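Have a look below at one chain only, the form predicted on its own, in structure tokens format.
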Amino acid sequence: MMTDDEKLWYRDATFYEVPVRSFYDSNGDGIGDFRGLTMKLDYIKSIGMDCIWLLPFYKSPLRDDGYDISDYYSILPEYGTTEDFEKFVEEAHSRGIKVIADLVLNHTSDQHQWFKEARSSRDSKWRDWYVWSDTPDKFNGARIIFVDSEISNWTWDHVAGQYFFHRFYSHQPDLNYDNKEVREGMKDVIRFWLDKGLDGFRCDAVPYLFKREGTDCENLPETHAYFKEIRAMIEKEYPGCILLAEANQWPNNAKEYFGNQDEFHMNFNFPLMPRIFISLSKEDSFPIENIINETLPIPEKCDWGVFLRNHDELTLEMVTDEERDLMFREYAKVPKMRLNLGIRRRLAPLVDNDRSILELLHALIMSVPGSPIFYYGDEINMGDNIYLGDRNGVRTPMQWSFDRNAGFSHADSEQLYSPVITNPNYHYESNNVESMSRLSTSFLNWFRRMIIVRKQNSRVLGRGTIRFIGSDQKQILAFIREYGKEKMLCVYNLSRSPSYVELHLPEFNGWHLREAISSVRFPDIGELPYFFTLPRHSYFWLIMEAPDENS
């Protein structure tokens, strides 16, 4: 039986996003699978991850990398069997690693049996499981999300003799959540996988479930009410399991998905993510400081998921036109790097593989409010391939060694679901787990050490409050994290040049400072402003100790 504090495990956790097909191929067919993922659990444990987030592994025609589900109750055969999945979860749990999985609620594949039945006849009981119309004129306020590939949210179905509604690709019809059977059916899907050992779900595209004429069909009260029902069910039947929302919205709307601690346990901090890169480009801490203030406070038992990159494009939907133009100029100079309203690049290529920037960015998301979520391969600075279609360029095989196929598979290279990265700057022969593990100064080993330090300070960094410290140096971001008696001072230089700053800390006169990573003692804080010099793109994490704690 979990205690109330243990149920808050997600507030202290580090998350690792893994596509099953991209991680490790155990049977030589060129596609990653659950047995391969199980074989690599010790690695995931070795880099300090507390929870694995699985991308969709359900049966699917794979026209949208598994987000087009054709059977919620089956596993894609290439990934293995239900027994393989259950064994994977069991082995993860034996190592103290929790597992959450993607849950795609908004839509199905047009190959799902529900949709096949629905389109077959207007008299079918499944007809009302989807959203139909005789004209494409309803819900005109709903924006088109995939602007590069779709011209309408309605698609004519010649079999059904009607239009069906879809917020995403035209092969992904939206479910009709005004139908109680749909709502209860998705609860049954949730129960099915939680009964098999999952610790929760990352819920895909949550703002769009319900549609209402005269609105933008986003963030509707009915959508919130339904997720409160799901949360109540989980609290009653599966205590300790969590719901993580993908709600790419402006701060006020995004915060609403926490409800009154009765909706989502976590939500991705989409407002913060692009503004980290904007601050870096402008050498100005204001975008970060301002957006964090806008995203706080949130209910005590809820938490943000903070991230730098993931399997999708770096989305720029919820920024101003000026900010989007800046991001494109700075981080996507070649048009092929752009997709919809975003940038389809991995983290290392985004910042030209600059080690100082990569360290600064990772340290930042480990120290701001929220639980950090890392994308597989970013710990070894994997590159991307912008010449692969859609977002597949950031979903290439994990690079394990300098052996053929990057150690991912024993298949012939032509069999791989995707080519490995061979760009000279990110080639798998140098950017791989085996090589980086052997080099003490590698980014991978730096990442491991930083995760250890964060775990040593998980309460103050995972649950603490944040207080920004202003200065006359706009390129300096400084804040204090506080949790009970624990305090940590974090200082970041966002500039391409060395910088200095004087921080006014009068209330901490006489306090000791100890560098968190090395435990080196710094001069005590005095009456005068505390003076820092920082190299380009550098940072300090400093433990603050009251005068009576240590001599």
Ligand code: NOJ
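Numbering starts at 1 and runs along the sequence shown. Predicted model, so just to flag it, every value in this text is computed and none were measured.
Beyond the structure shown, there is the form predicted together with ligand NOJ, which is absent from this document and is the topic of what follows.
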{"property": "is_contact(E218, ligand NOJ) in the model of the complex, heavy atom dist at most 4.5 Å", "result": "no"}
{"property": "Contact of W129 with ligand NOJ in the model of the complex (heavy atom, 4.5 Å)", "result": "no"}
{"property": "Contact label in the model of the complex: N432 to ligand NOJ, heavy atom within 4.5 Å", "result": "no"}
{"property": "Y375, heavy atom within 4.5 angstroms of ligand NOJ in the model of the complex", "result": "no"}
{"property": "Candidate from D284, E330, E289, D204 lying within 4.5 Å of ligand NOJ in the model of the complex - any heavy atom", "result": "D204"}
{"property": "Of E78, D354, E294, D312, the one that lies within 4.5 Å of ligand NOJ in the model of the complex (heavy atoms)", "result": "D312"}
{"property": "One stretch from 135 to 143, 164 to 172, 227 to 235, 424 to 432 that, in the model of the complex, holds residues within 4.5 Å of ligand NOJ by heavy atom", "result": "164 to 172"}
{"property": "Sequence-ordered list of residues in 390 to 409 near ligand NOJ in the model of the complex, where near means a heavy atom within 4.5 Å", "result": "R391, R395"}
